[in-house]
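Shown next as structure tokens: one chain only, the form predicted alone.
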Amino acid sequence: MIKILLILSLGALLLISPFIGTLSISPSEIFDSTTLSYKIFFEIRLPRTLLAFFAGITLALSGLLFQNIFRNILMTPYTLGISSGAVLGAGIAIKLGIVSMSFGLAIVSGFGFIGALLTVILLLWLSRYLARQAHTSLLLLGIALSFFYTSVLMLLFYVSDAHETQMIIRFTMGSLSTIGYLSVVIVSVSALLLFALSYAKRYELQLLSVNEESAQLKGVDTKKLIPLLLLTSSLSVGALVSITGPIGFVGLVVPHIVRIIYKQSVHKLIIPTAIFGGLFMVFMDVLARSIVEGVDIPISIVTAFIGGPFFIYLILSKRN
């Protein structure tokens, strides 16, 4: 009963989210193309809600995959440095003054995705030199890259003027603001591909969640499966971060909430995680637009307020 009520509540929020904002719009006018309500609803509010929903799917499923691959409840989609690479790429574009639009998408986002893609390529190249427990060593490589990218980003802050610094800071805070549907299409396609792969490999994930040796004994080719899952998840997160900026804690919080509610094995959690991830992000976006009247708080600040205490709880519960 609690599951049904929670899903219905969040589903209702998904429907009313496009109507929430500084300017009130009339439901009776949204289908009249000559009205302001129509433009606000279909060009700004609806794309933003859809972007939030598919962003949540990407982050939640990536978190679930990482936590099962590394068998660590504290893993997040940003562990391998993909997010840091995207942020650095966007920062370089801003410093170079390349902030115009191309094909309806900011060039900053293109540089961000290039940063994420180059990070994935670098990790795959370095992984060739890893011996046993390659995915654990890959984790350490990702952490090292994150620190390196952060130091380069700090250097960019130091040599940038006030305007450039402000733009970089705004990007690192994360934002779901969008006009039109190009960003929605990009994020939704990557989210659906990630979902399709996760669902197709759900039984292999179940075996992998026990341990890698057990999965191999059951016939799972872990040397191919693990890189495939990590690559797909990383590219999906990279595409998202290049558009929205980094959004933390969603990949940490949602999989654990779903486990608490459903108490089932991982192969039965793919669909609930995707649904709750999308609805959770819509809820976070509504909070970001509603906490302070007339102010659109960066989404990563809101998710950090929720995720920070939850992260502390996970650390303490794991210790116990």
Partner chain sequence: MLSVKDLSVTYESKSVLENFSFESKGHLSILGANGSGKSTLAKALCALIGFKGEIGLNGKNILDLDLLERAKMIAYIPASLENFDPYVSLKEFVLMGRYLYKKPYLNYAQEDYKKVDEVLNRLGIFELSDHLLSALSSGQKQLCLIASALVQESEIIIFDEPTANLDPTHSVEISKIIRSLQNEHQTVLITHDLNFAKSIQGEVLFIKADGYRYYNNPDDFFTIENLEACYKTSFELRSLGMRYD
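Note that the structure is a prediction, hence the values are computed from the model and not measured. Residue numbers count along the first chain shown, from 1.
This protein has a second form, the form predicted in complex with its partner chain, left out of what is shown; the following refers to that one.
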Given that its partner chain is left out here, which of 209, 160, 175, 127 has a heavy atom within 4.5 Å of it in the model of the complex?
-> 209
Scan 96, 144, 121, 217 and let me know which has any heavy atom within 4.5 Å of its partner chain in the model of the complex.
-> 217
Which of these stretches, 200 to 208, 245 to 253, 179 to 187, 109 to 117, has heavy atoms within 4.5 Å of its partner chain in the model of the complex?
-> 200 to 208
Does residue 71 make contact with its partner chain in the model of the complex, using a 4.5 Å heavy atom cut-off?
-> yes
Using heavy atoms and a 4.5 Å limit, would one call residue 264 a contact residue for its partner chain in the model of the complex?
-> yes
In the model of the complex, residue 37 touching its partner chain (heavy atom, 4.5 Å) = no
Full three-residue contact with its partner chain in the model of the complex, heavy atom 4.5 Å, for 48, 236 and 296 = no
Just give me the residues of 24 to 50, first to last, that have a heavy atom within 4.5 Å of its partner chain in the model of the complex.
-> none
